[in-house]
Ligand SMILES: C[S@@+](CC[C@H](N)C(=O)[O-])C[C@H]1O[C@@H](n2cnc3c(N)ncnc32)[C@H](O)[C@@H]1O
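One chain follows as structure tokens, the form predicted alone.
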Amino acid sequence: MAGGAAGAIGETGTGCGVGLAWLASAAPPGARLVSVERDPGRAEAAARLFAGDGRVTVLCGDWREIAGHAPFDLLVLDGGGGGKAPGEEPADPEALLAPGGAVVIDDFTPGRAGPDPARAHWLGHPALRAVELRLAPDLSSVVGVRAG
């Protein structure tokens, strides 16, 4: 990446490929980017969009498909794996991140009333050094680095 040396970058929730395009634009020539999208139409469209970039692989399936391509130096959990959906088990950073690898989980609500198991998972995980970044009064992200 422009500010680091990420060799393997993963993303859940490709959508139409906007976030993946940002990641690819900052990734070095030798990087490997893998993104998974559960909607077949969006996954196919994104795969076509990145067909000319040999660094990029777009998968169609559940967010757990990303595990077959781990470990990652940077992992963005935007389309599953964050543990924010009811009944969703959060991803295991030790299984998905290389030592020193970073994870970003967005779309948290700061100051949310009541228990927040997803936030607690990421901020309290023993393999991570994590912090919550407030991006707006009603929006925050958790960023963590796997201890190594």
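Residue positions are given as counts along the sequence shown, with the first one as 1. Computed from a predicted structure; not experimentally measured.
Unshown form predicted in complex with the named molecule; subsequent notes refer to it.
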Contact of residue 36 with the named molecule in the model of the complex (heavy atom, 4.5 Å): yes
Residue-level question: is residue 78 within 4.5 Å of the named molecule in the model of the complex, judged on heavy atoms? yes
Does the named molecule get within 4.5 angstroms of any non-hydrogen atom of residue 131 in the model of the complex? no
Does the named molecule come within 4.5 Å of any heavy atom of residue 122 in the model of the complex? no
Stretch in contact, per heavy atom within 4.5 angstroms of the named molecule in the model of the complex, of 44-52, 25-33, 89-97, 61-69: 61-69
